[in-house]
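Take a look at this one chain, the form predicted alone, written out in structure tokens.
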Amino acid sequence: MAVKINNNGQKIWKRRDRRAQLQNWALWLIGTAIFMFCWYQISKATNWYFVWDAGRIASDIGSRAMPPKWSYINELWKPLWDTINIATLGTLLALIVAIPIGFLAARNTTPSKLFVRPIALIIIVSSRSINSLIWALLLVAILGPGIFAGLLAIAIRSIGFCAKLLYEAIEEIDRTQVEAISATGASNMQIMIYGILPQVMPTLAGLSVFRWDINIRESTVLGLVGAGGIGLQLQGSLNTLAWPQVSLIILVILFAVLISEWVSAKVRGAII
């Protein structure tokens, strides 16, 4: 017999179910076995000497990185500006593509649930399933290193994010407003402009700013694979073991992310 205590502090007796108890023990046993197997595989592939020595190495690098090389700051303004441009233009390009895809993916606005909607959903899933760093690697190999590859990587990655949230907002609109406009004999385009778009505009504006904030962070590392921005300076400093420059670049990136977070929060607060 098992004992439970209710909210009043009274004991409630409950008969044990042997089958359910055995199932719980079996699940715990399977889960433990899977965990131990995964831990064994990770341990086998890990050089534990470096793990135990990580504290000393981190302390050594930290001592070499301090103080930051403040004189290097003038070399970072242009890469930082490039990073902001990559995030901003990439977000804008993504929205231009994501808005029609969002309308094609929504059940209440798609011209065909059987053919058009699945294609739109495939585009959304394909965009969201691949990280922007991987897109940047592919585009650098195709287009060559530079800002343009980074811009396209950010745009392609953002299409799925924006389109998904947009089509979900479209499917949740108030149908009475659409029906009222339809009753006046409005065309499909007029229904779209006056009945649907005004209802999803706050969501669209909010997710645009939110995605721009995310893209600022992602753009800072695209330079590590040759896609331009401040990450390129970080990669160069890491390759030459210029730790004072590395610490300064990290501080600049942190400052840029904090500013973008503040701007994003202010704009979203004004919209919502």
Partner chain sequence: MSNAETANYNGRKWRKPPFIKNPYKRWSLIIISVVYVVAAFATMEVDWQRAYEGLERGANFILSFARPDFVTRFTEISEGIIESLVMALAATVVGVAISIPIALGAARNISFLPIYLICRMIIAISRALNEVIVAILMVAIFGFGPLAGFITLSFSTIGFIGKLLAEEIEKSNKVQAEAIRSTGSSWMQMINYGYQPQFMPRLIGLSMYRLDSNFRHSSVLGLVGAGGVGATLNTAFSRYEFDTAAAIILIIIVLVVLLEYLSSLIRAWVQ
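Source: prediction; values computed, not measured. Residue numbers count along the first chain shown, from 1.
Keep in mind the form predicted together with its partner chain is missing from the figure; the text below concerns it.
Per the 4.5 Å heavy atom criterion, its partner chain in the predicted complex is contacted by stretch 151-159, the sole one of 69-77, 94-102, 151-159, 109-117. None of the heavy atoms of residue 240 is located within 4.5 Å of its partner chain in the predicted complex. Mapping the unseen interface onto this chain, residue 250 counts among the residues with a heavy atom inside 4.5 Å of its partner chain in the predicted complex. Among heavy atoms of residue 84, some come within 4.5 Å of its partner chain in the predicted complex.
Shown alone here, residue 61 lies within 4.5 Å of its partner chain in the predicted complex, counting heavy atoms only. Using a 4.5 Å cut-off on any heavy atom, the residues of 141-171 that reach its partner chain in the predicted complex are, in sequence order, 141, 142, 143, 144, 147, 148, 151, 157.
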